[in-house]
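Provided below as structure tokens are two forms of one protein chain, presented individually as structure 1 and structure 2.
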Structure 1
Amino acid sequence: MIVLVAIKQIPDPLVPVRVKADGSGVEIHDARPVANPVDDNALEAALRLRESGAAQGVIAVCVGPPEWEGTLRTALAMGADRGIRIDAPDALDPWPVARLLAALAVREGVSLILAGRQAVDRDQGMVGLLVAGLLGWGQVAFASGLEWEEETGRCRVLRVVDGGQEVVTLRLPGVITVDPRLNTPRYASLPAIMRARGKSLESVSPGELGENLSSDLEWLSVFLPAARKPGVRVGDVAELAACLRALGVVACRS
């Protein structure tokens, strides 16, 4: 099987975000670009599938401007076989991103798409599952464990849901979105980084995929959430207990 890994480049999520004065968007100063952290978990999972012999190739894909090629090169240094950038503006909505990824997956004969469960900048959590719906493929969301079962030809996935951890088997072709605890992504070695600099990245235009960039969404404004009222430093446990009692919090003897 060929595995496609969707990777988004985002500003370092540890750097504070500010709302622009006119409320038209956010600005993030001095944030170095990084791969969305959980997308690295998706790439790691794909590389392990290839190393175990289940996958024959791993394609890392970004949907973004030329400035995102650094992230693709890092994916190559980690071990991806190919890096493809679908040319698009930064901060494209998930809906056109999903259409482009779906079209590319079909063109490349991919049978498994791995993606992070959400990009931690916009927190929309939809690209991978939109692709699954578009293509009519099977899906598993929030994978925290993943193995290929040769005898059944299915993926066996452990997933985190609100009520616990669920065991699911998935027939391919399919889409799996991954949770950060799926694995620990490897670091690219220095020699691998040097080699990746020399590799050529492929670039595809939306038109070549028969797609456009249209979206249904219009981002009207952003604002800061209402600040919480300043808190109180309580001096000791008795004071804390009194405050909690005032909120109706009491213990029952057990």
Structure 2
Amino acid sequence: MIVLVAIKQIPDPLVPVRVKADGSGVEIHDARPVANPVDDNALEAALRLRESGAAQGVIAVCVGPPEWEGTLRTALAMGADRGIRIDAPDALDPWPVARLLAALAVREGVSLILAGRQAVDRDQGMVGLLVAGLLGWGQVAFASGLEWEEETGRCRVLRVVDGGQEVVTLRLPGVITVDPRLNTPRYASLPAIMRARGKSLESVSPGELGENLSSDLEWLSVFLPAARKPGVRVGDVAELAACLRALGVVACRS
């Protein structure tokens, strides 16, 4: 099987967030670009499937501008066989991203799509699930364990759910979104990074996939949440109860 790994480039999440003065977005010029951390877990899972013999190839794909090619080259240095960039603006909504990925998956004849459970810049967690719906494939979200069952030709996926864990078997073709607990991504060696610089990356336009960038979602404004009021220190339980009654949080029955 061929595995497609969706990778998104984001501003370094360790850099403090600053909202633009006009509320149109977030300032990203001071933050170095990095791959979405959970997408690295998805890539590591794909590479392990290839190393086990279950997969014959790994394709790393991003939907973004030419500036994102550095992230794709890092994926190639980690071990991906091919890198494909679908040309699109930086801040694209989940719906057109999912349509583009689904169209590319059909064109490339992939059997499994892996992606991080969500991107840490917007925390929407929608793309993987939308792709599965568009393709009519089975999907498993928040995978914290993944094994290939050679005898059944299925993926055995462990998920952490409320109250414990569950195991799901996924018949291919399918989509899996992964949790950071799934694995520890490998580091790209310096020689591999140097070799990846010389590899060619494929660039595909939305039109070549028969898609466009239209979306029904409109961003009105971006703003920071209101600052929380400072807490109040109380001396004992009686004073705490009095404060809660004064705030109207609790009421004592007469």
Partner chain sequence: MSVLIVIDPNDPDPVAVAARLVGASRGLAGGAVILLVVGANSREVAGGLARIEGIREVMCSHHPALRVPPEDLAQRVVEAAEEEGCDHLVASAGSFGAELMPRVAGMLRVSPVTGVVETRDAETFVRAMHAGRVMAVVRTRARPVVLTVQPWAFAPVPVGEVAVTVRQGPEAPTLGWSESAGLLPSHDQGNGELSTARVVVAGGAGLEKGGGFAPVERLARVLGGAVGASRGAVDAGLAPAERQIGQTGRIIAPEVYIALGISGAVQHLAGVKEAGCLVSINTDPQAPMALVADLALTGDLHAVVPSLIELLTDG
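Sequence positions of structure 1, starting at 1, serve as the residue numbers. Whichever C-alpha set is largest while still superposing within 1.5 Å between the two forms counts as the rigid core. Note that the structure is a prediction, hence the values are computed from the model and not measured.
Asker: Quick check on the two chains I just loaded: which one is the form predicted in complex with the partner chain, 1 or 2?
Answerer: Number 1 is right.
Asker: Aligning on the core only, does the CA of residue 15 end up 2 angstroms or more away between the two structures?
Answerer: Where the cores coincide, residue 15 shows only a C-alpha shift between the two structures that is less than 2 Å.
Asker: For residue 241, what C-alpha shift in Å results between the two structures following superposition on the rigid core?
Answerer: Displacement of the alpha carbon, after core fit: 11.6 Å.
Asker: Determine, in Å, the CA shift of residue 232 between the two structures after the rigid core is used for superposition.
Answerer: It moves 5.0 Å at the C-alpha.
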